[in-house]
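Only one chain comes next, encoded as structure tokens, the form predicted on its own.
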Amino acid sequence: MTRRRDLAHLPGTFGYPIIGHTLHFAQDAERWATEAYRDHGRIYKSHFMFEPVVVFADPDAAKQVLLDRTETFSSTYGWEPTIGKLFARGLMLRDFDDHRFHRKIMQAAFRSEVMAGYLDLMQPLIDGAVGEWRGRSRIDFYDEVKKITLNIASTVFVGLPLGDDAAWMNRRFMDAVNASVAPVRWELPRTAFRRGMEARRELERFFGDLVPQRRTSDGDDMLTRLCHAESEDGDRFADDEIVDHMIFLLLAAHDTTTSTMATMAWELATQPGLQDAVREEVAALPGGRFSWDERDALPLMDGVFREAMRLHPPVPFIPRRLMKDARVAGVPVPEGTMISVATLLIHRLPELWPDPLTFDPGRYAPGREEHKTHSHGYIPFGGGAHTCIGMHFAGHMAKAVMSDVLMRYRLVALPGQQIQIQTVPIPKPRGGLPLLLEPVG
């Protein structure tokens, strides 16, 4: 582990003894990171999760770290202090040749023709769930959409609609996610970390019971595909490897996308003109329905989706640990150091994003294309070998859900309503997202 004095050449502070800025980070990571950037610039040292960290709010650093042409920056050991035990051995927590091997096998489950089939599976689930909102004048949008995305992920990835198990599954994932930023990292009674590890073990048993069944059955769901997947050399995933991948993928498939849709819904609810324009765009589709064939026909919706991920990226900080000494964006950093690419801050750099705190889906339109100002100035899905394998799945699911919602309802913010985003571990509105519903048509 890097010592504090090894980073004496960098600006920044280490905060309190032992815990550093851990509590500030867990309570309000956006404020903590923004104030540190204001005081110290794009590259600064800090201290959280019980060790020194170097934070890079710099697109050049992001490019170097995420492309990692010299295999210097470990994702496995970067994520280990937070989710290493809770989501162990998921694809994002693997490195180099091991990561490439697993990703290559898994890629078959995300081919274009497979994605088209996933959309076909999604649509009736979305229709049924969104249709049940009719007659309600107010909903907690975040909670309702999370139910939808979890059921979609379970159906598409596991081949098992959750039904009555949805609440159980949601609690298990919430416990595991919340434990990732818990200051106490031991399984002491009544601690968040213990609840998270208990949830992990329950999920292991749940998926572990399914794998032997799927080894001998056919199906189009991801679990069955992984049970039968082989590399060119005939290698296959072991049962426990499939369990690890499913726990991580199911989390990523529903929690991060729910986060983005909550931001989309809030911005549309507070900008009625923008909401009407997106609704008109959807209405112009055949049957007023998002489909695989029309996946590129919603440029404004796509801009809203992109902008939601810019302001509140699903992974606001990307951790890595140096496997050897290196210069990162020109700054010497010793072997063993934990670093963090601050996606949240990079997405708000004024030299890349004029008026960066304004929600403006026109940024991505031809003629502006601010997301192309720097190759790594817009990284909501990470980059390099670890670019999110499910990024297209996430985009299609978000557009399918939001299209269905907008064709049925007008989203309206409550009078005087304000929201506060909890940035970590995954961005979400504190206290939920209550919105008013008005029928359309």
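Residue numbers here begin at 1 and follow the sequence given. Source: prediction; values computed, not measured.
Although it is not shown, the form predicted in complex with a small molecule is what the next lines describe.
**Student:** If the cut-off is 4.5 angstroms on heavy atoms, which of these, 249, 333, 262, 339, is the one near the small molecule in the model of the complex?
**Tutor:** Looking at 249, 333, 262, 339 one by one, just 249 meets the 4.5 Å heavy-atom criterion.
**Student:** Quick one: of 125, 169, 91, 177, which gets a non-hydrogen atom within 4.5 angstroms of the small molecule in the model of the complex?
**Tutor:** So the residue touching the small molecule in the model of the complex, by this definition, is 91.
**Student:** Tell me the stretch among 262-270, 281-289, 317-325, 179-187 that has any heavy atom within 4.5 angstroms of the small molecule in the model of the complex.
**Tutor:** Contact-bearing stretch, as computed: 317-325.
**Student:** If the criterion is a non-hydrogen atom within 4.5 angstroms, does every one of 133, 413 and 429 touch the small molecule in the model of the complex?
**Tutor:** Not a single listed residue reaches the small molecule in the model of the complex, so no.
**Student:** Considering only heavy atoms, tell me if residue 73 and the small molecule come within 4.5 Å of each other in the model of the complex.
**Tutor:** Heavy-atom contact with the small molecule at 4.5 Å: absent for residue 73.
**Student:** Any of the heavy atoms of residue 406 lying within 4.5 Å of the small molecule in the model of the complex?
**Tutor:** No - in the model of the complex, heavy atoms of residue 406 and the small molecule never come within 4.5 Å of each other.
**Student:** Within a 4.5 Å heavy atom cut-off, is residue 87 in contact with the small molecule in the model of the complex?
**Tutor:** Answer no; every heavy atom of residue 87 is more than 4.5 Å from the small molecule in the model of the complex.
**Student:** Would you check, heavy atoms only and a 4.5 Å threshold, whether residue 256 touches the small molecule in the model of the complex?
**Tutor:** Residue-level check for residue 256: yes, a contact with the small molecule.
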